[in-house]
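Below you will find one chain, with nothing else, as structure tokens; this is the form predicted alone, and questions on how it binds or moves follow later.
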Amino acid sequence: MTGLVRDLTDAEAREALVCKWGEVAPDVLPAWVAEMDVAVAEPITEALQRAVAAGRTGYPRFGAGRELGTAYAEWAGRQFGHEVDPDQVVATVDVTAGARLALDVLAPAGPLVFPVPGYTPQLDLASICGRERVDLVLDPDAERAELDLDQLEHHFRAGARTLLLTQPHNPWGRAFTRDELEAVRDLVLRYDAFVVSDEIHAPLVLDGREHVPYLSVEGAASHAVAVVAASKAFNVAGLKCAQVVTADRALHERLMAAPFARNDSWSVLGVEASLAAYTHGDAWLDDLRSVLAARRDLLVSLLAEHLPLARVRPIEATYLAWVDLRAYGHADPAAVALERGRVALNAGHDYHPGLEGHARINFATSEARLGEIVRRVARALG
């Protein structure tokens, strides 16, 4: 750790994170929304200040590639060893909108396979896009969070034609290996299916593990699109800028031929923040990953001390822990934690409808707050 990442004080966090801290009562500690209680990296703050001083608050530049495409391509090369064509990087407002754009424009007709537990807003993507959702269910008792390939093949055999793949996965905390992704590719090719790969958490793979972009898997280019952003890793989600990446010219041309109204317009300040993150944010990001790995380890030790019956699988990526609290006997432990402990967690059933006894805990906060969060939850659950 180099000291580039700075924890926000309670007062600063309340001022800065108007959703995570502002949507809860003053006596509630928030460990829910996927935002980090850290100060924005200085290169981003400086870029935004310059842009605002110049009055750069109008529409962004439209079209693919440009400075944003180049910055992302160079960054992906440094971070992942992944070669990206800058001209095949298309801006969009956020990752979920980018996934919706890909489903509407590129994905074949048919049901959408969605791994659950999964990111709550994306549970509704299938219906929004006029499709049926079929769930690829993670066994809550499985020792390791893995994609069930037999279940995936069953869905493809029954007519599903698109997989919405979140990798690294929220809330599983998995960074899927190349072997795992190659196995997915083999099934997709066998059934002439399509993959929308949500890689918003790609920068947050911990402990020196490798993030494998799905588009880097041999044979994936013709049947996949990736949606990426600086928003989670650099805490700039409110600035609204993500990128849709293709590695196949025909898919890119279909994307660019879509009516303008298909793609939600992104923010010019989001572009400025993304450029700063991709160009000048590597050192800060290295420090952040070290901080998050240490906070993850602290969370695991705190759970072992105060909630010894809790079960959490190894967290390989993200700053979000998927915690099995069924042993404490509450169908909705997040509701109990809020009512009795004044801690805001995410309810497990929001990620997997019908699943009881689970919660998602955001551990991207100070050591002192993290300790207090776990102690409060322990007292609340009894």
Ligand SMILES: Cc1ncc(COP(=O)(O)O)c(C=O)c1O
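Because the structure is a prediction, the values reported are computed rather than measured. Each residue number is its position in the shown sequence, starting from 1.
The next section is about a form of this same protein that is not shown, the form predicted together with the ligand.
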Legend entry - Distance check, residue 214 to the ligand in the model of the complex, heavy atom within 4.5 Å: no
Inset, instruction - Report yes if any heavy atom of residue 240 sits within 4.5 Å of a heavy atom of the ligand in the model of the complex; otherwise report no. - result: yes
Legend entry - Contact flag, residue 232 vs the ligand in the model of the complex, heavy atom cut 4.5 Å: yes
Inset, instruction - Although the ligand is absent from this view, report whether residue 272 comes within 4.5 Å of it in the model of the complex, heavy atoms only. - result: no
Legend entry - Answer option from 172, 266, 119, 72, heavy atom within 4.5 Å of the ligand in the model of the complex: 119
Legend entry - The single option of 225, 95, 90, 112 touching the ligand in the model of the complex, heavy atom within 4.5 Å: 95
Legend entry - Segment assignment from 272 to 280, 183 to 191, 205 to 213, 95 to 103: heavy atom within 4.5 Å of the ligand in the model of the complex: 95 to 103
Legend entry - Partner contacts in the model of the complex for 188 to 210 (non-hydrogen atom within 4.5 angstroms of the ligand): 198, 200, 201
